[in-house]
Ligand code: PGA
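Just one chain is shown here, as structure tokens, and it is the form predicted on its own.
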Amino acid sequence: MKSYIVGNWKMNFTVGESSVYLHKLSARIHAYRDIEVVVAPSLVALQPLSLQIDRKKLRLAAQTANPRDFGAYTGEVSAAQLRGIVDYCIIGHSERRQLFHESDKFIRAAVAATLRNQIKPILCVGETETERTFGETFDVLRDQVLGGLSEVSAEELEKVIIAYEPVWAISTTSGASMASPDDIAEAVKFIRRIIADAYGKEISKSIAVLYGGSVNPDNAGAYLTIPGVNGLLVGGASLIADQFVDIIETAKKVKS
């Protein structure tokens, strides 16, 4: 199965800075047969970068999309408008759920909209620290996975990527707050069990599941060797070329 290294730039870099960074990154990596490298710039940079990017080496992702194709929704951008510009779209990132109050209904519709417009969704799921403390991790994962995929057919599921990102482990430099390989392995195994129950064991084995949460060059190798993990969703480290390239090279070593 192919591995995925996805860099989420969040609200960083101007259009010019994005272009310079993309050029630098493209010059330092190769075209990998078994690794898909994806970057998710801010919205304003997507269209110009789509004209610059070398798709043999890199793919573009949007950081969110409105599930409605068109309409009177000031400030929003739809999956229909992103079609032909991006190959992937991050849906339901914890920051979108928490800061912008994206509901389960919105996320479910956004997953369906991206698929409808030939864009592969990267569905993010994960529990908060409070939910983890109260032993609700599995309940949260079940609700978010089944909710996000409720309008997805078995045939469409092969185009979906799931990213497990425990909210309590995102953007942390404290070892005490970082997810252990055992934590991640248990959650990923449970996610695949949910898929197996809903869609069958064969599909649960073939769907790509990524891990995201304070990924850096030092821990990338350990995360990539966890059974059932097919790649990484990288935040802060994806903004630093040396670190992101190191993570990609680590993925290549693990793959080979």
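Since this is a predicted model, take the numbers as computed values, not measurements. Quick note: we count residues from 1 along the sequence shown, nothing fancier.
Only in words, not in the display: the form predicted together with this ligand, which the text now covers.
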**Message:** Contact with this ligand in the predicted complex for Glu165, defined as at least one heavy atom pair within 4.5 Å: yes or no?
**Reply:** yes
**Request:** Consider His93 of the chain shown here, and say whether it contacts this ligand in the predicted complex, taking contact as heavy atoms within 4.5 Å.
**Result:** yes
**Prompt:** Is Ile170 close enough to this ligand in the predicted complex to count, meaning some heavy atom within 4.5 Å?
**Reply:** yes
**Asked** Does this ligand get within 4.5 angstroms of any non-hydrogen atom of Leu22 in the predicted complex?
**Response** no
**Request:** Determine which one of 31-39, 196-204, 55-63, 213-221 lies within 4.5 Å of this ligand in the predicted complex, judging by heavy atom distances; exactly one does.
**Result:** 213-221
**Asked** Does any residue in 216-238 get within 4.5 Å of this ligand in the predicted complex, counting heavy atoms only, and if so which ones?
**Response** Leu233, Val234, Gly235, Gly236
